[in-house]
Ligand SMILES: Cc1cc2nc3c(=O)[nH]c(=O)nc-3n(C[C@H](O)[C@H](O)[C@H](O)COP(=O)(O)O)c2cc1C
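One chain follows as structure tokens, the form predicted alone.
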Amino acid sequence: MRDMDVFEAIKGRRSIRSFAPRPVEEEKLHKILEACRWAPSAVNRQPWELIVVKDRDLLRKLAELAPYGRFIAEAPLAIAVVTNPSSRWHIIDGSLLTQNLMLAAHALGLGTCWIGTMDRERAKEILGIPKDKHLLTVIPVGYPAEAGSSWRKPLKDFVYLNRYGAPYFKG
């Protein structure tokens, strides 16, 4: 398997909501965690902690708390991204880490999906996360059982030159 070019990973990553019943190899998981470790953060504070969830019962419980993430239950694992609100930029920093996580997983042939809506307080209780921490997201990780699809606006629709609304691209 060849290494994936970063632009290929960015353009090819899709949200995957159906997973094959195949475990994720520890070597791949460690590469993903290493990609998380190297995410940028404000003043290099690294205000994050991760919980790798493999327990089937916990995955089912988390899925029940995510109205648009019921598929967490079928993923072989999920990674909870916990940030420290004492850092002013913890949500941005945690989001940068999560993007690294999702791109690394895709480059390794795995699928992920950002879970934006869930009962975070209940999920924190289930995962034993202290009250003073923030549960940013829970990302299911596994081998895709589907091919995701996507579309993007043309650059001319959102890139401007010097001032808002001034076209950067002509035509």
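Residues carry their position along the shown sequence, with the first being 1. Since the structure is predicted, the reported quantities are computational estimates derived from the model, not experimental observations.
Not on display, but discussed next: the form predicted in complex with the ligand.
The ligand is not drawn, but in the predicted complex it has a heavy atom within 4.5 Å of G116. F71 belongs to the set of residues with a heavy atom inside 4.5 Å of the ligand in the predicted complex.
A residue is said to contact a partner when one of its heavy atoms sits within 4.5 Å of a partner heavy atom; R152 meets this definition for the ligand in the predicted complex. Contact with the ligand in the predicted complex, judged as any non-hydrogen atom within 4.5 angstroms, is confined among 63 to 71, 41 to 49, 23 to 31, 124 to 132 to 63 to 71.
Residues are counted as partner-facing when one of their heavy atoms sits within 4.5 Å of the ligand in the predicted complex; in 5 to 19 these are R13, R14, S15, R17, in sequence order.
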